[in-house]
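Given as structure tokens, the chain that follows is alone and in the form predicted on its own.
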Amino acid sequence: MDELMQILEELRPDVDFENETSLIDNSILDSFDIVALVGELNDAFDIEIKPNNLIPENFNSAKAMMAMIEQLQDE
């Protein structure tokens, strides 16, 4: 989780990722943020985030992102 938080904070230092749970629903992260984030996460965690993973539920919070990462690592 620490590595994910570091990536998120580098991407958007203005966002409180520890407490925010509506990053997509409240338009805190936009499509450009998601594109950059997907590339970073793929590299950092040795996963492949596919188009079917690009749903708001997977990116609304750091916790949701970590759950998606762990699921993809198990595949």
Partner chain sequence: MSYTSFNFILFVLATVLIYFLFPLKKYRWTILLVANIVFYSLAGYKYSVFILFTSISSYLIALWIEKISASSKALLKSKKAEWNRDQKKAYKEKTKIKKRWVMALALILNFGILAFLKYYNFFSGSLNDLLGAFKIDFSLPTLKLFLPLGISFYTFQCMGYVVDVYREKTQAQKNPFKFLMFASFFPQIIQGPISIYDQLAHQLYEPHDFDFARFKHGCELILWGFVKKIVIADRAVIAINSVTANYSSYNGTTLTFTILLYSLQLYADFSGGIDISRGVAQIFGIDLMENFKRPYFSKSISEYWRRWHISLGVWMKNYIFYPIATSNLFLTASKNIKKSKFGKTAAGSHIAKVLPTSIASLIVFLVVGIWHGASWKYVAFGVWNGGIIMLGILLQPIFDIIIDKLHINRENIIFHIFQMARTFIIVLVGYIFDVAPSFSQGMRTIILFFTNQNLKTGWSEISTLGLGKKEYLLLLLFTILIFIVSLIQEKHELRGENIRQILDRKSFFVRWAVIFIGVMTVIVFGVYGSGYNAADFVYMQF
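Positions refer to the first chain, counted from 1. The shown structure was predicted, so the numbers you read here are calculated from the model rather than taken from an experiment.
Here the subject shifts to the form predicted together with the partner chain, a form of this protein not shown in this document.
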item	value
Contact test in the model of the complex: residue 26 vs the partner chain, heavy atoms, 4.5 Å	no
Proximity of residue 19 to the partner chain in the model of the complex, heavy atoms at 4.5 Å	no
is_contact(residue 2, the partner chain) in the model of the complex, heavy atom dist at most 4.5 Å	no
Heavy atom of residue 67 within 4.5 Å of the partner chain in the model of the complex	no
